[in-house]
Every structure is written in C-alpha cells, then in structure tokens.
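One chain follows as structure tokens, the form predicted on its own.
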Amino acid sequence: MPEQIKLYYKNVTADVIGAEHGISDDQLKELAQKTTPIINLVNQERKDGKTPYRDLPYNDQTLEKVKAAARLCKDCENFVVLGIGGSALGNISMQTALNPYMYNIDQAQRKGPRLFVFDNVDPAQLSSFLDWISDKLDKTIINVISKSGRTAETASQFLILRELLLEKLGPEGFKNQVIATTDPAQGTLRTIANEANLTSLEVPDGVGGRFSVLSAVGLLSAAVCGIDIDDLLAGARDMDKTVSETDFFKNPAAINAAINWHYYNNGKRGSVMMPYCYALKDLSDWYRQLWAESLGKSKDLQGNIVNVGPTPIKALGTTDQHSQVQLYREGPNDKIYTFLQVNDFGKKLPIGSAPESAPELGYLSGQDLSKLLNAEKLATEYAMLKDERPCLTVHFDKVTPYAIGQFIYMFEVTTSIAGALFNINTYDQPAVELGKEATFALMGREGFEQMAQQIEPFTKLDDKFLI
C-alpha cells in the first residue's frame, strides 16, 4: 500500500505548550467522548445518502465518462476551465500539486495540454488570454462548469468564448471544442448543451461545489493533464476507511475536527494552513472555501442565532515566515496552525559552494535544498511552540495523486464532523445568495427590478466621505 499521510497533533497538548493554551489529557478524553457519537452520526448520514460526496471515489461510471471525455482532448494543445469557487479551486490545486511548476511553459515537462483556469471576471486578465488564444481555438478545448449555468461569472465567461468560437469556427467548431459539466437533467447550461449537442459530464446531485473535486468537476482537467485519477480516487477510498473509524484516537478527521472546535470555543478563531511545499500551496485556497463556506453560519440546526465559524487563513512556508510569522508569534494568541510537511520532494538539489569572500555561507554548501525547507518548517514550529501557539502537522511521504486523494477526503470529512460539532448545516451557503441576487439586479436581469431600486442608494458615492 502506498505511504499514508499522517496527522500529528502532539503540539497542541498541554505537555508541549502549557496548560493555558494546550489541551490536557482530561480535555482530550472529553473531546473523544463528545466526538465519538458525532463520528457515528456522520457515518449514518453517509449510509442514509445525506452526504453523497463521500461516495464519489467509488463511482466507476463517472470515472469511465471522465476518461472518455479526456480521450476526446488527446490532440488539444490548450485546456480551458471556466468556473468559480468549487468549480475551479479543486482543478487549480490538483494541477499545482501534481504537475511540474513549469508545466504550461516547458513542453518537455507536460503530459497533456496547457491548462488555464478562469475563476474571475477581470476584463484585463481575460482579454490578455483571448488575444493569445484567438488563433489557436481549433486546438483548444473549453470545459465550462456550472450546476445551473446561471452563475453570472461563469455564464459571462462562457458567452464571450462561445461568441468567439462561433465567429472563428462556426457551430460545428463550437460543438467540438466545448465540454459542459452541469446538472444531468435541467438548468440553463444543460439546455445549451443539449441544443448544441455538446459533450457533457454531470455535476452530481446533492454535492456542493466545495465537495465536488473528486467528481467530474475536478477529475476531467486532472485526467486531461496527465494526472493519475485512478490513484487519486484510490487514495480517497483508502482514507474513507480511516475516517470512518469509530475509535476517536484512530480517526484523523475526528481528532482534527475536535481540536479545531475546541480551540474555536477557547478564543482561537483563526485557522492557518501553512504548507512547506510549493506544490501544496493551492490546497490552502481549496481548504479556505471548504472551511469558510461550510462552517460560517448564522443559525444552528434549531434556528438559534449563533454566528459561528472559524476564519481560514492561508500561508506558505518559507515565504510567509518573512511576512506573517511576526504576527503569529507575538500577536494575539487567537489562531491554530496546520503545517503541511513533505519528506521526499522527488528531486535532489544540492546547494552550491560558498565563495571565499563569504565563508559564513559555508554551512549551507553541499546540503540538499529540501533539508533547508524542512529545517525552516521545524524551526518555525519550534519558535511558535515557544510562544505557546498550538500547531498541527499533516505529514506527506511524497506528493502523489494517492496522497492528494487522501488529503482531500480527510479534510472533507473533517469538515462534516466539525459542522456536526458546531451543530450547524455544513452543506448549505445561504449567505452567498444575496450577493448573487444583487449582482443580477445591478446587471439588469429581469425579475430583479425591485431589488435594483433598493440597492441604488448604496451605489452612489457620498462626496462627504470621499477624500
């Protein structure tokens, strides 16, 4: 069996950081008693079909459809994903994690087409790309991802690319160059896909975007770009067994959730994820959406106003040792830190010899750069612990598809258990809707005229406050 990722939690205990900020043995036992019924609850919800994201790694039918769609892209030179939030972050994080840094630039390092993921509507960004891609459209596949097809950002991107494709390649070219990932039966994008006879994949029912990375939403771009999606899903299935374990002390998702819940209720309401590996940096973005959208809720399951939610914060080692660690060590002790550490980076890069004029750099000479990176992690962790800051570490033997599948699944189930501990609905996102509707109103969508009138006073700048 491939190497397992492991969660190390000793550095949140009172034995390491003291009684004021650390978790005592008795507190850990209390957390185990509180969380064990939650593990059983989450497992039962899965059996009852209430958390369909947990079955995604076992969906062979989707896997075969994704592979078939990927084969249609074998001759393309550019693969473009149009999506936002959960339709984009998983694609980005897997590409960064599992393909070389120079993947898009160096053809020798590529196992597939260049990948571009557009998760914003910045006109300067998209215009620059369109100027470059406009004479390459016949070698470009566009994957538009939207459950409904009515998300303003993705719809606007798609309409721009659709018009360009129709202008340059005609209706047949549009059909051949677009893959739609959308609702299996209904919605605007499903209607467009059916009318144009587009190749299509399905956004699974009951799976929110932030939990969808192991579905066709995230798997297609991975497969097209040469990532082994069989291994990715195998890692997730392996972790499924571990995080279904009812013994609290053998279940990393339960321990992770319980520790984060404990610290939130003891004044540490920020949750920093800090990979010491560039390849893992975009998993922090994926984690931010998963954690924030799932756990930030105004009401509990009984309808009481609670306004709960830990704030996820991204950082990158060693970069942010020089921009954030000053705050983390000497600022308010109101955060918990999760480091991601890699043992084997897959490359050896010895540091060169020091010039005679700088003998003080000689201690670095001949040592591997990976040793320095992990020494920086350990040094930062040591410094944080000296200031009684609670630290977790997720250990990777290597960054592989199998390990990334494990990581994704572990944090998804961590989120489910944390949501149950907070007694909130982990899977809805009601606060997102008002902003969407206000955008519709400001853009003149039919049916939102009254809201547009309500918004109007807020859109006018008051010169008294403009300096």
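This is a predicted model, so every value here is computed, not measured. Each residue number is its position in the shown sequence, starting from 1.
The form predicted together with 5-phosphoarabinonic acid is left out here; the points below concern that form.
Engineer: Might Lys67 be said to contact 5-phosphoarabinonic acid in the predicted bound form, defining contact as any heavy atom within 4.5 Å?
Structural biologist: No, Lys67 is distant from the partner.
Engineer: Is there a non-hydrogen atom of Gln289 within 4.5 angstroms of a non-hydrogen atom of 5-phosphoarabinonic acid in the predicted bound form?
Structural biologist: Result yes; Gln289 sits at the interface with 5-phosphoarabinonic acid in the predicted bound form.
Engineer: Test of understanding: in the predicted bound form, would Pro390 fall inside 4.5 Å of 5-phosphoarabinonic acid by heavy atoms?
Structural biologist: So Pro390 does not count as contacting 5-phosphoarabinonic acid.
Engineer: Is the gap between Pro310 and 5-phosphoarabinonic acid in the predicted bound form 4.5 Å or less for some heavy atom pair?
Structural biologist: Pro310 lies outside the contact set for 5-phosphoarabinonic acid.
Engineer: Scan Lys335, Lys147, Lys281, Lys297 and let me know which has any heavy atom within 4.5 Å of 5-phosphoarabinonic acid in the predicted bound form.
Structural biologist: Of the listed residues, the single hit is Lys147.
Engineer: Report the residue, out of Cys76, Ala354, Ile84, Leu169, that has at least one non-hydrogen atom within 4.5 angstroms of 5-phosphoarabinonic acid in the predicted bound form.
Structural biologist: Exactly one residue meets the criterion: Ile84.
Engineer: Given a 4.5 Å cut-off on heavy atoms, tell me which of 302-310, 326-334, 91-99, 147-155 is the interface stretch with 5-phosphoarabinonic acid in the predicted bound form.
Structural biologist: Flagged stretch: 147-155.
Engineer: Can you tell me which residues in 293-321 come within 4.5 angstroms of 5-phosphoarabinonic acid in the predicted bound form, by heavy atoms?
Structural biologist: Residue within 4.5 Å: Glu293 only.
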